[in-house]
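Below you'll find only one chain, the form predicted alone, shown as structure tokens.
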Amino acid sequence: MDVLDLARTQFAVTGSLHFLFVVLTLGLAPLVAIMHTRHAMTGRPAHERMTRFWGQIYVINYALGIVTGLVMEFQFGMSWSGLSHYAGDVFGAPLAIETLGAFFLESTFLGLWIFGWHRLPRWLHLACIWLVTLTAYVSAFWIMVANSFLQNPAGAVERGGHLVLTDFGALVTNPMLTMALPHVLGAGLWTGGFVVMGASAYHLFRRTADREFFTGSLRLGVVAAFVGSLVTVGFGYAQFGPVSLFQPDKFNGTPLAGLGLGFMILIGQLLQALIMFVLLPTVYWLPRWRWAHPILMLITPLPFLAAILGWLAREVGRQPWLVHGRLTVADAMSPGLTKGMITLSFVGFVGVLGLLAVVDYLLIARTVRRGPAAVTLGADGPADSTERAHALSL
């Protein structure tokens, strides 16, 4: 493996690990917001417990995901300075807007939501989590604007040896963006629904004291996964239109891209068939079917796998271009890099991201295993007497 292939592999591995955090964040945010809305409208302690439990899982994943995103930023400067020199004026703009606008706002509203329990007015507190969800989606929009520019450099012309933005409207209405963004958001909802389903099935299988709690969570997870599957599959197939126009050989010229696409479609179709013809029709009986709970736990990772395969198919199929038709991957790589330098940074970056992924899984698994009685998010509130009663009954 030469220096170029090693650098590409490094970015692919770190990007895939980062996307594991992103897809779960995009999926859990609207579900937590829906749970909080039910609590705000009814005032029932059960809905507050549900919001706090799944909200704590969301916060864990969000906090660790931030650090993985920083590693991605380092790689642009260290390994791909040619991209910054040639297309930085265009490619960097949506990334800067995402960081300075959407991400900072998202973090601010999330902080208000975390520390606003039983302090902020009820409807203002609810607005915070919906603003977290909205800004998460806006953040995804700007990231996909940047990525779609690499797929089809719309709105830019070359002047003086680098690209210059001439049409901002064309940049944000890129045909490679309009179908891809809903596809990604749907995949997030699909993944979040499966995580809620799998964790709920774990408690129902163990027959813990929180049966009603996890029965409601399981049903919500099934509905969310169903909606997410419709959006993901529908907009996934819709992407073939612009792909055939701008990159007609995307999935034929590179075996890995075609393989990733084939397996992603296979997993997606199997899961969608399972949801539509098994889980959704039996959603009210499913919590009682103990034999089905281990199956739900086993298939929880599959939406994550499908998301990674889809991302690889989208990116690998663009090769050998980094900016399609304008800048090759070889020309974008930083000059002077050696195999030893890339190997060292590869080990460091993958080690950090791999460790964060393991810590994220362990913390979420521990939170799930301990159940809603041990949740610390929003503690010392009206629902705490219920939490203590559940803890004493365990």
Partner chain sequence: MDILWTGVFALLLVGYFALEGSGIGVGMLLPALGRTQPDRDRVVAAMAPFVLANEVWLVAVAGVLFGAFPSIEGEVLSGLYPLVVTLLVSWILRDAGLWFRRRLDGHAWRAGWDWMICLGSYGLALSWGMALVAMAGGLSGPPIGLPGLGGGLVVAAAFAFHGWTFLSWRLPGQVTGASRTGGALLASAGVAALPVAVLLAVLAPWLLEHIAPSATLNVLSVMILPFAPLMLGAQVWVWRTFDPRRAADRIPSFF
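Numbering follows the first chain given and starts at 1. Bear in mind the structure is a predicted one, so any value in this text is a computation, not a measurement.
If you look for the form predicted together with its partner chain, you will not find it shown, but the lines that follow are about it.
A209 falls outside the set of residues with a heavy atom inside 4.5 Å of its partner chain in the predicted bound form.
Taking non-hydrogen atoms only, G348 approaches its partner chain to within 4.5 angstroms in the predicted bound form. Using a 4.5 Å cutoff between non-hydrogen atoms, R288 does not count as a contact of its partner chain in the predicted bound form.
Interface membership of S84, defined by any non-hydrogen atom within 4.5 Å of its partner chain in the predicted bound form, is confirmed. Site annotation in the predicted bound form: the residue of G258, G234, P301, G101 reaching within 4.5 Å of its partner chain with a heavy atom is G101. Checking A33, L64, L26, V368 against its partner chain in the predicted bound form, a heavy atom within 4.5 Å turns up for just one residue: L64. Contact with its partner chain, judged by heavy atoms within 4.5 Å in the predicted bound form, is confined among 288-296, 176-184, 68-76, 247-255 to 68-76. Applying a 4.5 Å heavy atom cutoff to its partner chain in the predicted bound form picks out L110, G111, L112, I114, F115, G116, W117, H118, R119, L120, L124, C128 from 110-140, in order along the sequence.
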